[in-house]
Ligand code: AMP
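The chain below stands alone and is given as structure tokens, in the form predicted alone.
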């Protein structure tokens, strides 16, 4: 299974903020949608960064509540690793494990086209394993 198949099933909607949005606005978006990260984009949906719940908690613990009024651009991860629609589940798992992150923006022609989370990867990987096990059982039963 590849990223395109995952997005076809789960959808391409991605919660985003601009680099000028405050940390409070990002935190509100995370809480309202019950998600772990938002992608920071410009008006052309070009990815400039990503900010997670953990990023906000870390800076809040270090700097106090006043930091919530600062722009996400000052805290976001700027060197965002993204994937393409042809990337496979194995490639996603490798990237997420190596990079130690849970959210992978999907880009197409330089613009944000979706997002895949570690939860998505696990869900579809388990579905793949179950399909293979079922096929193997059917093969064994008919031989």
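Residue numbers count along the first chain shown, from 1. Please read all numbers here as calculations on a predicted model, not as lab measurements.
Below: the form predicted together with the named molecule, not depicted.
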(request) Sort through 28, 88, 63, 77 and report the residue having a heavy atom within 4.5 Å of the named molecule in the predicted bound form. (result) 77
(request) Answer with one of 57, 111, 93, 81: the residue that has a non-hydrogen atom within 4.5 Å of the named molecule in the predicted bound form. (result) 81
(message) Would you classify residue 52 as touching the named molecule in the predicted bound form, given a 4.5 Å non-hydrogen atom cut-off?
(response) yes
(request) Tell me, yes or no, whether residue 102 is in contact with the named molecule in the predicted bound form, where a contact means a heavy atom of each within 4.5 Å. (result) yes
